[in-house]
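What follows is one chain in structure tokens, specifically the form predicted alone.
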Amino acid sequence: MWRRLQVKVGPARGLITSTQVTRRSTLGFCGSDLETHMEAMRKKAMDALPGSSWTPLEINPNLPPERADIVIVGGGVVGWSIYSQASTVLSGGGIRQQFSLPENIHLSLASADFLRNINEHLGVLNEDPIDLQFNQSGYLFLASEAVAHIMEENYSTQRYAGAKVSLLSPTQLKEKFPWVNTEGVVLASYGLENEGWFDPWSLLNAFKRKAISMGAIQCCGEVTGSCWSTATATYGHLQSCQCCQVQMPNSLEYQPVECAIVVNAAGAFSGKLTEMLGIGFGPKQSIAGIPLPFLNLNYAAEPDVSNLEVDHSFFQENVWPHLAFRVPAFEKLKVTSAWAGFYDYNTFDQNAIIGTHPLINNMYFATGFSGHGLQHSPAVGRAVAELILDGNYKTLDLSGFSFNRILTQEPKLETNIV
């Protein structure tokens, strides 16, 4: 049985001269020090009483909170962009306006303006200004006779959307870029502005720093499960994700996080997240039977992705000869390092999937960018934030990138894929 221990100790007076007492005092406490020590003991005893919050188990400070308004799954630039505007970065980052779809062109134009004025959007009080090392230099596309008409169509679309692009004949191309081998080229397209390259790591950290300054909580872990409620709708069972189970890295420890909204920005692993809610496992002719069209592991034109070992032979045999033929200077260059990573490739039409799923009314998609997620992240973050906060798009209409086109099997193809 626990009993309350009350001890009253008065302040020490005078000098202690006894040798024995002096030796004991060096091991104990005198005066106010003893009072402090006894107070700490009383507090520890009280904390151990039934009903207190004391626990003998160590609390992991890296656990996510038990409740959150919005859970964004995916710690890449798209996920952080969504949060910073609602309340992998080993490669070089590029941005271009030369696409075939108006939506992608408008996304690039909006994102380029964001990048040029990034400190107005992502600057944090008393923090260093952001330097993206944004080098503005146009992309150069080359076309053979077989596809020159597609380049001309894309050029018209780009100019109509407000992009500054010019077409070059083989002679003009050689004059502007004498180091390019123009053999087989009948037409070239060159971006005059709003294109170039920047440091993706700086952009990711800028979004992250801004989001955390606004109250975002970063958690490193893996969503391994979820819980949901189900209601019946005319076109199937409507689900609502009510919590995400987050497992800590290299641990069996996990934390269920209750939430009102989930944003699926998990890139190549986005399909795995929807599978936890049964999407893709329903009857084939039903909405629940249609999975996210991501990362066909047997895609013939790419190396095996069952592991992340660099396939040097693929580069040497399939990429290097084309580079050296078009730009002979590449013959004198040597590959010094390489890495391999996952690509959130949308096998349906190589375009983003943005918006809600028809059967999961509180899960928002921002994934499937097929290589241009980094450059479009500022504009996409704003668009998804508008969907969450306002219920519809306010600036750019991206409804053409909704999941509905997958249901109706009407691909929205982007022909200018790099």
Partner chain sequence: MLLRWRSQAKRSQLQKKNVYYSYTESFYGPDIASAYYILSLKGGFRYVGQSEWFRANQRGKFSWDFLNHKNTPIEEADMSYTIINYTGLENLERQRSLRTLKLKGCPEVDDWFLARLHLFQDSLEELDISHCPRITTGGLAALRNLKGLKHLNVSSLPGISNPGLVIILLEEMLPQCQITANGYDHNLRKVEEEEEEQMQRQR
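Residue numbers count along the first chain shown, from 1. Since this is a predicted model, take the numbers as computed values, not measurements.
Just so you know, the form predicted in complex with its partner chain exists too; it's not on screen, but the next bit is about it.
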| query | finding |
| --- | --- |
| Among the candidates 254, 177, 315, 228, the residue which, in the predicted complex, approaches its partner chain to within 4.5 Å (heavy atoms) | 177 |
| Of 115, 204, 130, 188, the one that lies within 4.5 Å of its partner chain in the predicted complex (heavy atoms) | 115 |
| Contact flag, residue 331 vs its partner chain in the predicted complex, heavy atom cut 4.5 Å | no |
| Distance check, residue 164 to its partner chain in the predicted complex, heavy atom within 4.5 Å | yes |
| Its partner chain contact at residue 192 in the predicted complex, heavy atom, 4.5 Å | yes |
| Any non-hydrogen atom of residue 134 within 4.5 angstroms of its partner chain in the predicted complex | yes |
| Stretch in contact in the predicted complex with its partner chain, which is absent here, among 150-158, 212-220, 257-265, 117-125 (heavy atoms within 4.5 Å) | 117-125 |
| Residues of stretch 203-228 in contact with its partner chain in the predicted complex (4.5 Å, non-hydrogen atom) | none |
